[in-house]
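Quick heads-up: it's one chain on its own, the form predicted alone, in structure tokens.
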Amino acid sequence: MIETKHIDFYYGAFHALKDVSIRIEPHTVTAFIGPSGCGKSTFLRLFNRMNDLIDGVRLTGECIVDGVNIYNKSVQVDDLRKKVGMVFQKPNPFPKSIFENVAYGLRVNDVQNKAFITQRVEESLKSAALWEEVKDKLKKSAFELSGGQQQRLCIARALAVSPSILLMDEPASALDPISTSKIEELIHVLKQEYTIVIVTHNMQQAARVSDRTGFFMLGELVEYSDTKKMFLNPEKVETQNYITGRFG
């Protein structure tokens, strides 16, 4: 369960998010759409505190994950990021073997049981629909994989530490149509086990993969509803104009 209550977020003096309240149910796919610079990626990165890495940011309101306001001083960010995995726009494998890319999070968290690590690597690669393609070359460099395979490897790396939430920031924007299709199929499978939140510029993709969609504009959550309703019968004129291509 993810919930935000009256979130306002600032980069210095710039008011990037304005009074955003939302509730995301477990085991669903939620998509955020909107024009560039509207705040959707900033909002996504709140859920694992990635914005903490930027100087001069400020947040008011509550961001609640599994009943805990994750911006309380008592929250350990490292523990939070085990629970909330992240996949970025461009595949970013480490300069390591395929196996060690997936095992990385376990080793960082001081897991030393070799049999357990081997099991988690295999399970994660299977969950990311990559195992059959790489099982005979686990010691080879991750850079030998195609772009689409690298992105699925990054998904496997995120899954290895057993998160409950998976954030995806434009996960297919750098990929070809076939690789994009594989990522979308994977999202459908993964939502059985994970809560998935995705930012996408591709409205057709949002319509295909998500259960609910939020439309952002100028830092405000203009509309948030069932995806079919959003695309077939939006409530707000601004949403209608964006979906039909009249602006943005």
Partner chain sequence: MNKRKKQRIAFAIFRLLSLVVVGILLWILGFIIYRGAGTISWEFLTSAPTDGMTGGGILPAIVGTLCLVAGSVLFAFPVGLMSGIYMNEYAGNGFVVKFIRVMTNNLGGIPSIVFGLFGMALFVNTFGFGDSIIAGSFTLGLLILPLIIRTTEEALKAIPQSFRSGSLALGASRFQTIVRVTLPMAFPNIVTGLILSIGRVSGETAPILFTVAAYFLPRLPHSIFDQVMALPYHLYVVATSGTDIEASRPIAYGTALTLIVIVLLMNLLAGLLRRYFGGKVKTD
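Residue numbers count along the first chain shown, from 1. In this text, all values refer to a predicted model and were calculated from it rather than measured experimentally.
In what follows, reference is made to the form predicted together with the partner chain, a form of this protein that is not presented.
- The three marked residues, 202, 234 and 240, fail to reach the partner chain in the predicted bound form, with no heavy atom of any inside 4.5 Å.
- In plain terms, the part of the chain that comes close to the partner chain in the predicted bound form, with a heavy atom within 4.5 Å, is 44-52 out of 44-52, 26-34, 209-217, 176-184.
- Comment: the partner chain is not present in this chain, but in the predicted bound form one of 107, 114, 139, 135 has a heavy atom within 4.5 Å of it, namely 107.
- In summary, among the residues 130, 158, 121, 172, the only one with a non-hydrogen atom within 4.5 Å of the partner chain in the predicted bound form is 158.
- In the predicted bound form, the partner chain sits within 4.5 Å of a heavy atom of residue 86.
- In the predicted bound form, residue 93 approaches the partner chain with a heavy atom inside 4.5 Å.
- Looking at residue 81, you'd find a heavy atom of it within 4.5 angstroms of the partner chain in the predicted bound form.
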